[in-house]
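Before any questions on how it binds or moves, here is one chain, the form predicted alone, in structure tokens.
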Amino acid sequence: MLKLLTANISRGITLVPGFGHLRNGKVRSGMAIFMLYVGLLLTVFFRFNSFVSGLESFLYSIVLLAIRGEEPMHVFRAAVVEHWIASLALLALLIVIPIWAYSKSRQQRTTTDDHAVSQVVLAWQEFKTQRVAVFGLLTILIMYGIALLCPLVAPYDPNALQDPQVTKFQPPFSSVRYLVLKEPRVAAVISSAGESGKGFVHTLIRNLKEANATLVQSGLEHLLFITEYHVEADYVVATQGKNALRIPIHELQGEKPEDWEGRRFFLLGTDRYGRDIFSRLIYGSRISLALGLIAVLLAVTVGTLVGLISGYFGGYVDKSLMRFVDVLLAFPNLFFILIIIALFQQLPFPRVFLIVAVLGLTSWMGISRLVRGQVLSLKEEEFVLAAHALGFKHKRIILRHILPNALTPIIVNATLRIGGIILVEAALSFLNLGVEPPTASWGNIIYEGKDYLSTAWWISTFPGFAIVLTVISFNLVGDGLRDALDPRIRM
């Protein structure tokens, strides 16, 4: 009986994410998985209302669209959709991580030493031996995870500003005093007025608007930021810089100072508008990281396609494509990008899409030259000659035989190129040609703080550190992949 109870307890413990790895002796991976899951649970605990409201808003919107068969104006708004993505991603991680960890731990227990191992597994085992590369990979995964969950991770609204005469240029680790008012100072962005009808649809729309209003609130609606205050009879006399305010106590939340007084903490300080730098840094990671990844995927796709066609067919096809590539390489990259943005920035869509397309379509030339060189070498190999002898079509030879053997340098080059794309985006934002304010990106945060480096150094310094850390992490991963995927180095 005792053995059965012990076995059941042991089996139950392995269901906790990471404990199965710890039981198998994988201490580092087990602790990493466990700490990751604890972090996700803490996010749900501290941002429970936002998490639930995001799920409710998504479900209400789906049902409403299914019933109405049309797109209501208040459904697909950027400020709401980003909460959908964060809540759904967090829910998916909470479900997938335990299942994956349990299955992985069982696989570790059943795998024997003489089990056949694929080349991918061998490369991963080699990559794990390089601690610096693993550190870079973990840093990148954490950054992308924060970018995905930024509405739930960021402490404040990145664009919310109020009483800047008090909140502006606050240094790191500072706090600002505020008073809590009974009535909101800022009107709700989404109102449920006008939906007083009865019936399922009207109730659904009313609930959807209430959930969306909860998501888009900045948290400043009832706050009045002040420098100092004191109580005089039934009034609170407060100062905002050089201005004095006289507020009746009955307009405040509660009757005692502990009920209507508080402090808002700014981990990395504030900018000239009183916006929290830490929140803007988290939201800015979405633009910088997503833009770099998508632009590189676009560049790799175009460059690989051109390189494969040029190297495989040769002759006039090769000469024509490579001369075209040489012409594009003759232009200075940044100058070329500036010309394209200047010509097409008036198009009726957000500039961020134009920047992604420009960075992707101006970065493929080097990849095409690299792929062409690999193809010229691979197409003379015996397995390609055998495929020709068997009568395989060109498409099958390129996609099934040549491309898989050329993936290693492509993957390494793409990994190293992401950091460079992020730097170019930061440079464009610094020139005020990147993402349009108030949308935050690391580059335009640096641009906004360039005039205050001597008095408010933290505005530009912290996003600069984020860019440096990201570029270094991608370079470390690229070096680690090169060493892990190259069998000559492994030998």
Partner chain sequence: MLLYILKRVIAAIPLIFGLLTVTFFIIRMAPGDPASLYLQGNVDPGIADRVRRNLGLDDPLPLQYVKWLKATATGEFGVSFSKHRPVVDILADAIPNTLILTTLALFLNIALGVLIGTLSAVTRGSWVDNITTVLALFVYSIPEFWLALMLILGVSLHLDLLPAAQMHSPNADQLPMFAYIFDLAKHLVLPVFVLGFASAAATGRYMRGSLLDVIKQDYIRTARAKGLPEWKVVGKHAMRNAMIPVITIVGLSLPFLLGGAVVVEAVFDWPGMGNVLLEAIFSRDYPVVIALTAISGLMVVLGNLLADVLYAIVDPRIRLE
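Numbering follows the first chain given and starts at 1. Not measured: the values here are computed from a predicted model.
Quick note: we don't show the form predicted together with its partner chain, though the next part is all about it.
Between the options 44, 36, 59, 433, which residue brings a heavy atom to within 4.5 Å of its partner chain in the predicted complex?
Checked against the cut-off, the match is 433.
Given that its partner chain is not shown alongside this chain, does residue 24 nevertheless sit within 4.5 Å of it in the predicted complex, heavy atom to heavy atom?
Residue 24: no contact with its partner chain in the predicted complex.
With the partner left out here, check for me: in the predicted complex, does some heavy atom of residue 28 sit within 4.5 Å of its partner chain?
Flag for residue 28 set to no.
Residue 389: heavy atom within 4.5 Å of its partner chain in the predicted complex?
Although its partner chain is absent here, residue 389 would stay clear of it in the predicted complex, with no heavy atoms inside 4.5 Å.
Taking its partner chain as it sits in the predicted complex, is residue 290 in contact with it (heavy atom to heavy atom, 4.5 Å or less)?
Outside the cut-off, so no.
In the predicted complex, do 331, 423 and 476 all put a heavy atom within 4.5 Å of its partner chain?
Heavy-atom distance to its partner chain in the predicted complex: all three under 4.5 Å.
Taking the partner as it appears in the predicted complex, which of 335 to 343, 405 to 413, 96 to 104, 255 to 263 has residues with heavy atoms within 4.5 Å of its partner chain?
Selected stretch: 335 to 343.
Considering only 428 to 454, what residues come within 4.5 Å of its partner chain in the predicted complex, judged by heavy atoms?
Counting only heavy atoms within 4.5 Å of its partner chain in the predicted complex, the contacting residues of 428 to 454 are 430, 431, 433, 446, 450, 453, 454.
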